[in-house]
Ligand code: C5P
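Starting off, we have a lone chain in the form predicted alone, written out as structure tokens.
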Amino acid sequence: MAKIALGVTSSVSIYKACEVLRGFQKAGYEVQVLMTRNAARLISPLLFSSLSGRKVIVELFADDHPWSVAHVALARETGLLAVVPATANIIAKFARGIADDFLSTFYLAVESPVLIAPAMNAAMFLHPRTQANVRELRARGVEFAEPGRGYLACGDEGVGRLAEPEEIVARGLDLLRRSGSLRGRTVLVTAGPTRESLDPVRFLSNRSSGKMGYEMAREALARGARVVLVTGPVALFPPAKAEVVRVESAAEMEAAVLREFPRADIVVMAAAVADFAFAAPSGRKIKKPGLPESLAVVPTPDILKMLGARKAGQVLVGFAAETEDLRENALAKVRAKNLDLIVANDVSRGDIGFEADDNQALLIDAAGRVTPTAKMSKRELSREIWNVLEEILVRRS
């Protein structure tokens, strides 16, 4: 069973972290406590050592594990990082990528779900910079146990009170359950655009950044799946642990997808495959005086429709980028391509879809059920899509 790493920072509500630790232990989990230096000044690490049965980690350069890099070694064993209580300072460090102590360095190394339970003065929590940091972490997939309202240590009343320990434990256990929900499944994801060459210099393509597909792959990995990511040319780093297959043209993507398709349980076709290719590409650069008045194009293979005709038990997901009649066009694609789910979004808007960090979509299943989403980060939307996909898997079992 994976460990839980419990990060403890220097809020006055630090004593409640003991109840959270006990709650995780009662659920059968081993807990490793990580304290900041200031937290260790508020309360002795010996208390948490006594409760957890493990030495508390405070210093980044301790010599307890001379054979390994401690934060990396622990990250491999961790199924959940819960930071309880979380100060404005640690939230800011996480958001900015500052790694100057063990806990902030560990956050950058861990690949498990992260749950943060803020606790601070109301003015600090509502400060625009703190709220911006919270929004940024949410967009990256970090979960928050929302602070409550009440009497605060400073004597004020307002928002900033640490969530109840029972609520924090319940949220953490839910994240742990979700992190293994796709274990044993193979997920095939396509992402990004394709490029159809006119000559060695010019090509036909589209505005897809690949962000949505990469987030779908990242969330599948977070839920325990084996992920094969077939990606067109993008300026993104692929998720760690994904098996990456790089392609350029629609024909190359078709070949890669058909090769991986028989071993996949779930196929997420998020790539924006070019609909046309040049009929007569040149092996040499075509000089401007030699450019014809018109360039003949031919349709590329409809990979998604091909998979819909071939699927044998796989869950097949398509994406529809539309500029009008969003629901009607998406429903037509569900039926025509034998899809289990389609994710339809309006790419005529500049604030969502192509090249944007946010998205808003209609999720339409094979029965015609429509689930509209709010505008959210593509990271958050990937979670919503996977929740719907897991419901489809449950209905099939």
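What you see is a predicted model; the values in this text were computed from it and never measured. Start at 1 with the first residue shown and count on from there.
Same protein, other form: the form predicted in complex with this ligand, not shown, and the subject of what follows.
A.B. asks: Pick the stretch from 302-310, 126-134, 77-85, 229-237 whose residues have a heavy atom within 4.5 Å of this ligand in the predicted bound form.
C.D. replies: So the stretch in question is 302-310.
A.B. asks: Of 147, 193, 113, 318, which one comes within 4.5 Å of this ligand in the predicted bound form, counting heavy atoms only?
C.D. replies: Here the answer is residue option 318.
A.B. asks: Which one, 274, 247, 163, 222, lies within 4.5 Å of this ligand in the predicted bound form by heavy atoms?
C.D. replies: Of 274, 247, 163, 222, the residue with a heavy atom within 4.5 Å of this ligand in the predicted bound form is 274.
A.B. asks: Any chance residue 269 has a heavy atom within 4.5 Å of this ligand in the predicted bound form?
C.D. replies: Flag for residue 269 set to yes.
A.B. asks: Look up in the predicted bound form whether residue 337 has a non-hydrogen atom within 4.5 angstroms of this ligand, and give yes or no.
C.D. replies: The answer is yes: residue 337 has a heavy atom within 4.5 Å of this ligand.
A.B. asks: Using a 4.5 Å heavy atom cut-off, state whether residue 333 contacts this ligand in the predicted bound form.
C.D. replies: Taking the distances in the predicted bound form, the answer for residue 333 is yes, it comes within 4.5 Å of this ligand.
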